[in-house]
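Take a look at this single chain in structure tokens; it is the form predicted alone.
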Amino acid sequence: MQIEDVTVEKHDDFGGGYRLLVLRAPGIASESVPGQFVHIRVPGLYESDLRRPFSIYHAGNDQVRLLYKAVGTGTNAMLKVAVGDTLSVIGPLGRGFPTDHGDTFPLFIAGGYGVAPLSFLAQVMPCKGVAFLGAGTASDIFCVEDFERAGWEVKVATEDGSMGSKGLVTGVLDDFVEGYGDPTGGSDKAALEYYGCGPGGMLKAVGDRALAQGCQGWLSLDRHMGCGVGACLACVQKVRNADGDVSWARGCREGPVFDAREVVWGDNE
């Protein structure tokens, strides 16, 4: 983990209401892995305001790239950030996705904004698989070209049918798995391995499928965060260990990526 004052090198429209923020952050970039995030002190907010977490879209060549949409006080204040500005950034934070997956066949399932860390993961995975991208409408589908340039097959689903198949992304996923054959592998095929990032309902559906099929699954859970470093316990998630005991894990430290077998779905009481 680094605490850096970094320079804004680019801040542009990305399409679909999203913005691309490129930071020169050599220390953070060198340590980042897909699925991790950074915590930014947003200029223009009161000093007492908490930092804001942002998933890492890409990292390398001394740069950290972030995608965000202005949906609240913090992200609306980010719109005023200009090229050349200096930002205080902590990162990389959290546990990311594993990249050494063995001999499995990776399936990425992204809902809306969840595509960003999976795009990063696609660039560093030692083998290629299929990326399933889902959203409400075509304007919320992005990063398709990222996956295709990395050699991945892309399948798209939108709820209104404006791009790809009409319906939920899990429907397209189910069609693929049905045609794949044995999801645990066979004499001529590798076992499937699931990687999900997006809304909670979608992640639960992906995790349920992985477990029912006897496959490994990795889920990036989006939890509201306070400190980002594990002290405030605002982002806890109920989990089950290998012995079946239930406890709590911090989304910013033990997560945000969890083994699907760990996650206890519910109201996090």
Ligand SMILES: Cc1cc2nc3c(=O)[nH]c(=O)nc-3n(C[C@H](O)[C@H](O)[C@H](O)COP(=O)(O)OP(=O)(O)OC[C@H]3O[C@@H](n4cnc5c(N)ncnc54)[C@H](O)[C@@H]3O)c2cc1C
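Numbers for residues come from their place in the sequence shown, where the first is 1. As the structure is a prediction and not an experimental result, all values here were calculated from the model.
Same protein, other form: the form predicted in complex with this ligand, not shown, and the subject of what follows.
Trainee: Heavy atoms within 4.5 Å of this ligand in the predicted complex: which stretch among 220-228, 204-212, 240-248, 26-34?
Mentor: Selected range: 220-228.
Trainee: So, in the predicted complex, is residue 127 in contact with this ligand at a 4.5 angstroms heavy atom limit?
Mentor: No.
Trainee: Report whether the minimum heavy atom distance between residue 74 and this ligand in the predicted complex is within 4.5 Å.
Mentor: Residue 74: yes, in contact with this ligand in the predicted complex.
Trainee: Is residue 41 close to this ligand in the predicted complex, meaning a heavy atom pair under 4.5 Å apart or at it?
Mentor: No, residue 41 sits far enough from this ligand in the predicted complex that none of its heavy atoms falls within 4.5 Å.
Trainee: Answer with yes or no whether residue 58 is in contact with this ligand in the predicted complex, where contact means some heavy atom within 4.5 Å.
Mentor: Result no; residue 58 lies far from this ligand in the predicted complex.
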